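So this first bit is one chain, no partners, the form predicted on its own, shown in structure tokens.
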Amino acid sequence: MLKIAITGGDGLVGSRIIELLNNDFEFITLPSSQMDITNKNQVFSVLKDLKFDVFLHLAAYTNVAKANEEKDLAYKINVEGTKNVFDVVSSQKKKFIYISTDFVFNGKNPPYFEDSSPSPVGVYGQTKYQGEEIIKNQAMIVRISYPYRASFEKKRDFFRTFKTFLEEKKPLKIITNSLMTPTFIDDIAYGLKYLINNFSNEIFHLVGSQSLSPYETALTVARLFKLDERLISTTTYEEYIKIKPGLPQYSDIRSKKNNFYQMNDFETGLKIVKKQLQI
């Protein structure tokens, strides 16, 4: 059985990957309490004698709006941290998978494929792209987009944020003139299973099969979970980024290479989530 060393294994995406694939691979989790990726010496001492086949790097600074205020911290985690782990893993001639994001694109000329040119608009996207540049052509880069899942106590994704607001009868003001590509985390896990078993030093997009406006996603959540659509009002991208900068406008991301796992559209993914929640 392949041994996968993983950072970010306690996060939104990583914890679900481990849950779903723990019969396929042996996971060695490396939480930040055990290995601070920004501490080069600690990374070396933890990894130098560790027995693993593939290194799956999910740990990242992911607060998009706050990254513009905490530039140094975002850079330290997403760029320096990535370099620290990659340097040790590559020196051992081990396989490395870097989980990246659709935010490496500027959202102005969609759709975006694996061979599209990145041009990030915010600090989060910039630092994730700088991470890509460190390992490009020497490791696998897997870009994901707007991940969501049925439940996760530590962090809300966009779907559970919408759902919670509507359940609590709180109003939602949602963008109409932008696009996002919601991606069911279970699909990311099963797509990754194939990529781990068929490793190559390339870029892959593991993303949902449909892009839609945030407003449409909120309406879909309301409809499927029988919540009050009247709580959802509209705003524009231009207004939203005044408060929360760093968001690409038209994040329509697709894959030319994914002929190995059928990714769900948002409504189908939500129906599976609903069954998982037994609602």
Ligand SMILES: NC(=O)c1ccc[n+]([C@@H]2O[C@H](COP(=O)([O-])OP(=O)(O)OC[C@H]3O[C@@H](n4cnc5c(N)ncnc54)[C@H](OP(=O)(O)O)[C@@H]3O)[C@@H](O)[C@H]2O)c1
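Note that residue numbering begins at 1 and tracks the sequence as displayed. A quick note: this is a predicted structure, and the numbers were derived from the prediction, not measured.
Just so it is clear, the following notes concern the form predicted together with the ligand, a form of the same protein that is not shown.
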is_contact(N68, the ligand) in the predicted complex, heavy atom dist at most 4.5 Å: no
Partner proximity in the predicted complex: S32 to the ligand, non-hydrogen atom cutoff 4.5 Å: yes
Proximity of K108 to the ligand in the predicted complex, heavy atoms at 4.5 Å: no
Partner contact for L270 in the predicted complex: the ligand, 4.5 angstroms, heavy atom: no
The ligand in the predicted complex: contacting segment from 195-203, 170-178, 150-158, 108-116, heavy atom within 4.5 Å: 150-158
Listed residue (L166, I77, V88, A189) with a non-hydrogen atom within 4.5 angstroms of the ligand in the predicted complex: I77
Sequence-ordered list of residues in 32-70 near the ligand in the predicted complex, where near means a heavy atom within 4.5 Å: S32, M35, D36, I37, T38, L58, A59, A60, T62
